[in-house]
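The data below hold one chain only, encoded as C-alpha cells and taken in the form predicted alone.
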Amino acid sequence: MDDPMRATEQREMRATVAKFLDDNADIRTAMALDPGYDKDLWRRTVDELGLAALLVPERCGGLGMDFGDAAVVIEEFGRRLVPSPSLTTLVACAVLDQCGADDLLARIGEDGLSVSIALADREPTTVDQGRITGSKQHVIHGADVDVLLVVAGDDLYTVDTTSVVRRRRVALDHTRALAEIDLTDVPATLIGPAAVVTDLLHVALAAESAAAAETCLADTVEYLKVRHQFGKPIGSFQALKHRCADLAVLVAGARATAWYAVRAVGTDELASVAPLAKVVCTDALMAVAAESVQLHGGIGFTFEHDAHLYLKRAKANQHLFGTNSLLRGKIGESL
C-alpha cells in the first residue's frame, strides 16, 4: 500500500508546483523565445522549487527525492505544456544516480544546470579512446542546455559541449524545441551503462502525456458547458456526452498506467512496463487532443487557441524515443 504521509507530501508538492507555474509560466511567450524556453523561468524553478536538485542524492548536496516526486513535477509541467528542460534534467539525474556519477550530480544540483539526453542516432555514434563521433537528432532543448549526455552503443557518456555542433531545428511541437547534435572526435567521459535511459524517458513521457490529456479533456468539458446552441449548452447533447465519457475512460486508464510505470522504476518490471506505458499514454493524449480540436468547433482550429498545442505535443510524444509502432512491435516480440 502507498504510504499516506508520502501521498500527502506529493499532494503538497503538486499544489506548490502548480501554483508557481500558474503564476509565472507564459507558454506563448516562452515558445517564441530563441532558446525555445524561458531561461529566467528555469532559473526560478531551480532557485525556488529546487528542481535541478530534486533527484540529486543528499550525499551530493541535493534533496534526495525519488522518481515518484519527479513524476509529480513532470505532470504539472505537462499539464500546462510549459517549455522547459525539466523532464530531461530529472531523468538525467535519476540515471546519473544509478550510475554513481556523484561529481556531475553535485554540479547539477549546486549550479542548477539543465541537462538533455542525446539518444536517437542520425548517423552511427562511435567511441574510440575517449573520443566520440556521430550525429544525434531530436534532442530536447539540445541547442541550449548546459550538459549533454550522449548514448553510444550500450553506454552513456558526458561530452565537452564546447566541442559539439548544436543546431536548433523547427519542430512540430512549438512548446518543445529540438536540436541536432554533431560530434566529431569530441572528448567524452564514460558515465555507465545506458540500459535504463530509454525506459526512464518512456515513463516520463507517459506521466507527462497522461497529465496533459487530463487537462485537455477538462478544458474541453468546460467549453462544452459554456458554448450554447439551440438555447442550451452543447455539453447537454447526449452524443457529445458519450464522446466525453469515452475520453474520460481513456484518460483514467492512461493515468493508472503511467503511475504503475512510475512505481516500477527501480524494479525488474521496468523494462517491460515502460514502453507499454509510453504507448498507452501518448495514444490517449492523441485521441483526447484530436477530439478536443473537433469539439471546440471553429475556434479549435485557430492558432490562438491552445487545442492545437496539445495535438502537436501528442503527435511529437508518439514519435519521441522510439515511435509507438516500433514499440508495439517490440512489446509483441517480448510476449
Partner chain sequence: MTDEEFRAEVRGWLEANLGGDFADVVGAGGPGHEHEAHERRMAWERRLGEAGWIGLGWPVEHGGRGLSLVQQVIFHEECARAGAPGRLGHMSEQLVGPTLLAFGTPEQRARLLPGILSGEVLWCQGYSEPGAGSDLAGVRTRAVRRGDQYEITGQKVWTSLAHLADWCFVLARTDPAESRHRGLSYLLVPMDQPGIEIRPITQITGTSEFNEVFFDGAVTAVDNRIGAEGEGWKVAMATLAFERGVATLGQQVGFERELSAVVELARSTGALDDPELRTRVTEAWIGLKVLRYSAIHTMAAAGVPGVEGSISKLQWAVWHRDLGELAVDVAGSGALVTDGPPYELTDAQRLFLYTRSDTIYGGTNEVQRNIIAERLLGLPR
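Positions refer to the first chain, counted from 1. If you're wondering where the values come from, they're calculated on a predicted model, not measured in any experiment.
Keep in mind that the form predicted in complex with the partner chain is missing from the display, and what follows is about it.
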>> When the contact criterion is heavy atoms within 4.5 Å, does residue 172 count as touching the partner chain in the model of the complex?
In response: yes
> Would residue 294 count as a contact of the partner chain in the model of the complex, using a 4.5 angstroms cut-off between non-hydrogen atoms?
Replying inline: yes
>> Even though the partner isn't displayed, in the model of the complex is residue 25 close enough to the partner chain, meaning a heavy atom within 4.5 Å?
In response: no
> Is the gap between residue 32 and the partner chain in the model of the complex 4.5 Å or less for some heavy atom pair?
Replying inline: no
> So which of 266-274, 62-70, 46-54, 284-292 is the stretch with heavy atoms within 4.5 Å of the partner chain in the model of the complex?
Replying inline: 284-292
> Counting only heavy atoms, which residues in 222-240 are within 4.5 Å of the partner chain in the model of the complex?
Replying inline: 227, 229, 230, 231, 240
